[in-house]
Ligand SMILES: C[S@@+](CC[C@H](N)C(=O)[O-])C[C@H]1O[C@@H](n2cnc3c(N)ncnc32)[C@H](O)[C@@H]1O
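One chain comes next, on its own, written out as structure tokens in the form predicted on its own.
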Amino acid sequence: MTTTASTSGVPVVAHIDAPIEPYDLDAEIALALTRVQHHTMVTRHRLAATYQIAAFAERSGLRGSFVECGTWKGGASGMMALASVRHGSASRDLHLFDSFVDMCVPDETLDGEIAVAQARATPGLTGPLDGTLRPMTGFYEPLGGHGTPEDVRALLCDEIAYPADRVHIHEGWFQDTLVPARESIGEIAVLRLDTDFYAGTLYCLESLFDLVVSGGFVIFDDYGCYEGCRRAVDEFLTTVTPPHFLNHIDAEGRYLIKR
């Protein structure tokens, strides 16, 4: 998920229709945005970059699935699907992972001021901010509620007409779903992480980074937003050789190309 914090700490959605300079593939991206805009909280910049990356993966023949950890209602995965439909010669497997409940509580020792402020602003939230897999019930209420598998299928399979047998939705916490799915995922061409906090980001990298093919992409949606995400990415990349450069998308988004 990507939101910004208001002065009250309540998450607010960044608009995707803000005026910007044209992108490469701008006409395609503009059309794709109209189809996913009600299924995403991701900024226009990051959605455009996601489309461009997926289109490049198709045109260059990168092997592997498109994988997303943190799907909400499917908008960003919809951008990848639309790029695949337009630029690919065959439908590529989409593996989408999400708890499909409200986000878990942050760890106040790791995840930073924005995460803590958003958690404290969630009505009715009790208990410690200790990073446990406990949903912050009501967190997404100002945004129309959390996503569901039905929301994702409605966009990908019904609206976009992506083949249903190529859409694999893995419902549950990452810590419960990623490892059992590794064999079915196989190689990864694009791994998009919209994982918010430290624990989830690090777990996804430790579980899936080795499946990303050489020349494949890893997108980090929350790197510049949540301190825990940035810390997890930076720590993990110190364990990877050769070093990888993080390319800048906007204030929050980054991506790397696997070496």
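Because the structure is a prediction, the values reported are computed rather than measured. Numbers for residues come from their place in the sequence shown, where the first is 1.
Unshown form predicted in complex with this ligand; subsequent notes refer to it.
Participant: Can we say V42, E68 and S99 each have a non-hydrogen atom within 4.5 Å of this ligand in the model of the complex?
Facilitator: Yes, because V42, E68 and S99 each have a heavy atom that approaches this ligand to within 4.5 Å in the model of the complex.
Participant: Sort through 211-219, 193-201, 27-35, 54-62 and report the only stretch with a non-hydrogen atom within 4.5 Å of this ligand in the model of the complex.
Facilitator: In short, 193-201.
Participant: Ok, V85, A117, L133, A154: which has a heavy atom sitting within 4.5 Å of this ligand in the model of the complex?
Facilitator: Partner contact (heavy atom, 4.5 Å) among the options: L133.
Participant: Could you tell me which one of I188, C104, L129, V167 places a heavy atom within 4.5 Å of this ligand in the model of the complex?
Facilitator: Of the candidates I188, C104, L129, V167, C104 is the one lying within 4.5 Å of this ligand in the model of the complex.
Participant: Is the gap between F174 and this ligand in the model of the complex 4.5 Å or less for some heavy atom pair?
Facilitator: Yes, F174 sits close enough to this ligand in the model of the complex that at least one of its heavy atoms falls within 4.5 Å.
Participant: If we define contact as a non-hydrogen atom of the residue within 4.5 angstroms of the partner, is A76 a contact of this ligand in the model of the complex?
Facilitator: Yes, contact at 4.5 Å.
Participant: Are any of the heavy atoms in Y140 no more than 4.5 Å from a heavy atom of this ligand in the model of the complex?
Facilitator: Answer yes; at least one heavy atom of Y140 falls within 4.5 Å of this ligand in the model of the complex.
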